[in-house]
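Shown below, as structure tokens, is a lone chain in the form predicted alone; questions about how it binds or moves come after it.
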Amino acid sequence: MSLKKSISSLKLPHYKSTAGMAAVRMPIPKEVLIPLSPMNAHHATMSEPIVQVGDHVTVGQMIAREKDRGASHIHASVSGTVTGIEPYAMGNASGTAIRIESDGKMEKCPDLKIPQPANLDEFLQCVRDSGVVGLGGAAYPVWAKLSAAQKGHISTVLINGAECEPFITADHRVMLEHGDLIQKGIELLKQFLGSEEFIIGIEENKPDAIAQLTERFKDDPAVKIMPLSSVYPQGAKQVLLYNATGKVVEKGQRLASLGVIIINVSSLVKMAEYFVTGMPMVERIITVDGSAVKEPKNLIVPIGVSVRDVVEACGGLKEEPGKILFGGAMMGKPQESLDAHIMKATNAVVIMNRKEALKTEPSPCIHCGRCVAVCPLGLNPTAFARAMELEDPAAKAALLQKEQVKVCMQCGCCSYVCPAHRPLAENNNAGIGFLRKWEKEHPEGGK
């Protein structure tokens, strides 16, 4: 990694028109289809259903159990009847989902209890039971991240409130509307992890959140509110870590080895909410925006609701959709239609009109080096492109390994600055997928 004073310098238009809009709860949907993975990625893992078609379920009832550290418990987000356990396509992956027909009552599970952990192990088990995952996009189970405290001391907790992607303001609203739960979450981590330092990193384009949290924690010397430059991708793990603490995480190194963990501010709030109410993760705040959306909003939505229902809660579409994204304009995952369903990791639905969604035809690389200069991690996307053109799989894998394609955070900066409009980010993603598959098939071929 090539280090600079700040390892990010890309200025993007913010398009945060919903920043001043408090989150509102959408109407109860007629049904939900809850994917058994928290995100639509090729490496996502599935949870195992524990209900059957015909079962009556209530809000907060566990309907699928995690199978490994990459999965999470899944809970019913509406009360009603299980009408299907069926295949579900999720972007570039496929899996299973549970369909629930709502009875319109939103009846809470009678077995829910406010957890009362007595030690770290019990605390981690409670977080595990909550089903809370990383809500900034990664969707890694929060309990698994916090479990690093069992192996060593976590002195610093870095709370990610950067929210650097265009359009998205869900974390911003969480910071403004749920400061009490941020405080509760920090108290829990103080008590059970024994951490002494908490840094809440917030981009400077959110002065109201910075002011409000500064006031809330003014008498707590353990908590520091850190304004950060409004640059992209400020919220990425490596960038946030360096710009907020000056520390660097190397390839293959775990943050915990530096005595640090990073947790998204919405994840922290959802975790704290479970310890206050006993309700596991069944809903979240998302931003709905884009040129095709009639009434952009921040909405509180049940997990598994369709994009079609979400759009209806925003007054419908004012133009024919050209592109539907889960997430922001830079790292958002394209969806095939309005029939996609909200996952735990979905922090925004951005719907562009056809004109904005039109792709500019790429032209040959002019070797300007802008993609290398703008990469926060000092990688060379043109080398990845050369590798993907090789016909020999072994040679392709060797070059991708040499150029460290798996270090790429897929932020999209390279594509954004490319004057030839080459699909560099897409190529990087393809390279990562190819190399993962090749290394799995050739374990002796190097890691």
Partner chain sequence: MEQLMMSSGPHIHSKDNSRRIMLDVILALLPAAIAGVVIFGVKETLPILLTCVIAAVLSEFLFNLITKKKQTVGDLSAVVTGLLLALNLSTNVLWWQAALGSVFAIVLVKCLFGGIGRNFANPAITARIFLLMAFTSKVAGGVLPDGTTGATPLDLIGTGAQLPTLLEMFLGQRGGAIGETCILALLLGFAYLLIRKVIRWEIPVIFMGTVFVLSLLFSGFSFETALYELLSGGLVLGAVFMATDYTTTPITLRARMWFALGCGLITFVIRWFCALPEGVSYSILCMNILSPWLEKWTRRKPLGGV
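Here the rigid core means the biggest group of C-alpha atoms that line up within 1.5 Å when the two forms are laid on top of each other. If you're wondering where the values come from, they're calculated on a predicted model, not measured in any experiment. Numbering follows the first chain given and starts at 1.
Below, we turn to the form predicted together with the partner chain, even though it does not appear here.
In the model of the complex, none of the heavy atoms of P110 sits within 4.5 Å of a heavy atom of the partner chain. Though the partner is left out of this view, V249 does reach within 4.5 Å of the partner chain in the model of the complex, counting heavy atoms only. The shortest heavy atom separation between E215 and the partner chain in the model of the complex exceeds 4.5 Å. L338 belongs to the set of residues with a heavy atom inside 4.5 Å of the partner chain in the model of the complex. Exactly one of the stretches 27-35, 397-405, 49-57, 63-71 approaches the partner chain in the model of the complex with heavy atoms within 4.5 Å, and it is 397-405. Comment: the partner chain is not present in this chain, but in the model of the complex one of G304, G332, G185, G137 has a heavy atom within 4.5 Å of it, namely G332. None of K151, K105, K318, H367 but one reaches within 4.5 angstroms of the partner chain in the model of the complex through a heavy atom, and that residue is H367. Contacts of stretch 422-441 with the partner chain in the model of the complex, defined by any heavy atom lying within 4.5 Å, are made by A425, E426, listed in sequence order. Relative to the superposed core, K67 undergoes a C-alpha shift smaller than 2 Å between the shown form and the other one.
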